[in-house]
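Next up: just one chain, as structure tokens, the form predicted alone.
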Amino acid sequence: MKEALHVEWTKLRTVAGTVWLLAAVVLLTVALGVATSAAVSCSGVGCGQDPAKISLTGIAFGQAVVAVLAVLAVGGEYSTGMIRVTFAAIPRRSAVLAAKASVISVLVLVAGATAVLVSVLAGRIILPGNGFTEANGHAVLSLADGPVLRAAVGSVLYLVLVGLLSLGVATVVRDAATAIGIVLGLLYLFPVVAAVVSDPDWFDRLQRISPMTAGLAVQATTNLDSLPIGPWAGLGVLGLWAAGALSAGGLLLRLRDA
């Protein structure tokens, strides 16, 4: 396993695209979070807005770059034939997949933590000027506040799980473009389908099984009773999607030729 980790780390570290994609995760997440924080206002007590969720809005878009990064870790090797060299050097295919998952998780964890910390700091600075004050029932954003800390940590874990889901899907389909399309479809189409469903029971069901909607419930710090699923339970749903994709990918990796 140590050798597999070294190989995967070396491959990702020496590919120029990895650095740019990680930078894009941070910049896109922070930029959209700052833009949203600057655009939203609270005009009085009980304005119904969640400051933590507002500052972390960029996670919903930065996840697309995470998906691309994770997919290319597998799809890029299949497209070039490099995967055969990898399996020749490390015959244990489960070790290769585990190493890829570990390296991707660490890289996304660092980029995600950076993006989340800057986004929360930006929200702490910007939101009070837009009416999110104690007078209107909103405390200043602080990671010392339990719900805000949970939203921040949960957002980082959300990005890591999106990366693992993407890695699993890419291992199953072995084509980067197809895998990216499937992952983005899973993330973004579920909320669209739920929005056009008129039956409230089916709406709630779709919300609870959607990888994105359920997963991002971890960001909520207000009105938790109105959520279709609890914060940690929602993140658990995304975890099940990721585990399922990785399990399927690992099984097919052992059963078929490179």
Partner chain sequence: MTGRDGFGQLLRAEWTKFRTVRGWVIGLVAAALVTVLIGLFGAAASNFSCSGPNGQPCAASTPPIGPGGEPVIDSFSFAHKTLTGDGSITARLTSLTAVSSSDGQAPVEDTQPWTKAGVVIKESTTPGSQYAAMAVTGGHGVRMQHNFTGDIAGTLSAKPSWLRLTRSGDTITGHESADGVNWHLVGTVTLPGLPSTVQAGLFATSPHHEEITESFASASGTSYPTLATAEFDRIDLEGTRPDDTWTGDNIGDRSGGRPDGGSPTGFEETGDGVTVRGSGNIAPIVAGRGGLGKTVESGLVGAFAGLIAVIVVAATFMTSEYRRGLIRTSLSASPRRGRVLAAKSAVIGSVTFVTGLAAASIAVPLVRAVERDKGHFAFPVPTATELRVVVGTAALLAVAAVFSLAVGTVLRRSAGAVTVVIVAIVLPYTLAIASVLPTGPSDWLLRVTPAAAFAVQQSMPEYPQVDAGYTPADGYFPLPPLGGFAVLCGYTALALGVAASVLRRRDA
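Positions refer to the first chain, counted from 1. As the structure is a prediction and not an experimental result, all values here were calculated from the model.
From this point on, the text means the form predicted in complex with the partner chain, which you will not see here.
A heavy atom within 4.5 Å of the partner chain in the model of the complex is found for exactly one of Ala177, Ala139, Leu149, Val106: Ala177. The closest heavy atom approach of Ala31 to the partner chain in the model of the complex falls outside 4.5 Å. Within 4.5 Å of some heavy atom of the partner chain in the model of the complex lies at least one heavy atom of Thr36. At a distance threshold of 4.5 angstroms between non-hydrogen atoms, Ser43 is out of contact with the partner chain in the model of the complex. The shortest heavy atom separation between Ser102 and the partner chain in the model of the complex exceeds 4.5 Å. For the partner chain in the model of the complex, the listed stretch (94-102, 183-191, 139-147, 153-161) containing residues with heavy atoms inside 4.5 Å is 183-191. Residues from 108-132 do not approach the partner chain in the model of the complex: none has a non-hydrogen atom within 4.5 Å of it.
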